[in-house]
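Listed next as structure tokens is one chain, alone, in the form predicted on its own.
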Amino acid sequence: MWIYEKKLQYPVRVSKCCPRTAKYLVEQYGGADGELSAALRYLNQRYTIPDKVVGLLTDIGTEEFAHLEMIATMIYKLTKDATPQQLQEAGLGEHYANHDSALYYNNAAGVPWTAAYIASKGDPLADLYEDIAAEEKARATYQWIIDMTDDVDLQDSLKFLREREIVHAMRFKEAVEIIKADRDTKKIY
């Protein structure tokens, strides 16, 4: 189903070690509106969505895994040269004590990822509106992280991800209209 290219969807560069920014980025790694939750939500919902839009959920769900890889790379690059004291000062002391430099699916507050983050109602319109909201929340979070860092290299990658969230929300809005139009057409049997 997938072909994996050994490169990121978009280049990730950081200009300096910054565990504080890494802590914020963890939200997009293992938070409720982060990339893991989005990928699993969309790939799960495709089993109860009409065939006319199932490909959209597959495409976007797959792309979210590419975004997850980018976020993991950002976190790694922002923390790889950090001392334990710098990690502690950035609020990552507990993480370091439990996982060293390994990534772990939790949000920025340290709450572990849970399957409860994956919304799937089984109603195509309800699910698509949930997907639109998830993309808009992710977009907002990326903007806030962009606003909190002065690393222009990192901002470049974050802006790419923010723009992809906007595109995904637009595509989900198009899917809503396709579902509504199909629902309203006369069915002759």
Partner chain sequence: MNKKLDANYYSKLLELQQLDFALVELTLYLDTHPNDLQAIQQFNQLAQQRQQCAHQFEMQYGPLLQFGHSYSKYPWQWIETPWPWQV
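Positions refer to the first chain, counted from 1. This structure is a prediction, so every number in the text was calculated from the model and none was measured.
The next section is about a form of this same protein that is not shown, the form predicted in complex with its partner chain.
The putative spot formed by V26, I132 and E136 is not touched by its partner chain in the predicted bound form; no residue has a non-hydrogen atom within 4.5 angstroms of it. In the predicted bound form, at least one heavy atom of E5 sits within 4.5 Å of its partner chain. In the predicted bound form, Y76 approaches its partner chain with a heavy atom inside 4.5 Å. When its partner chain is considered in the predicted bound form, R171 lines it closely, a heavy atom lying within 4.5 Å. Contact between V12 and its partner chain in the predicted bound form is found at the 4.5 Å heavy atom cutoff. L56 is the sole member of L68, L56, I49, L161 with a non-hydrogen atom lying within 4.5 angstroms of its partner chain in the predicted bound form.
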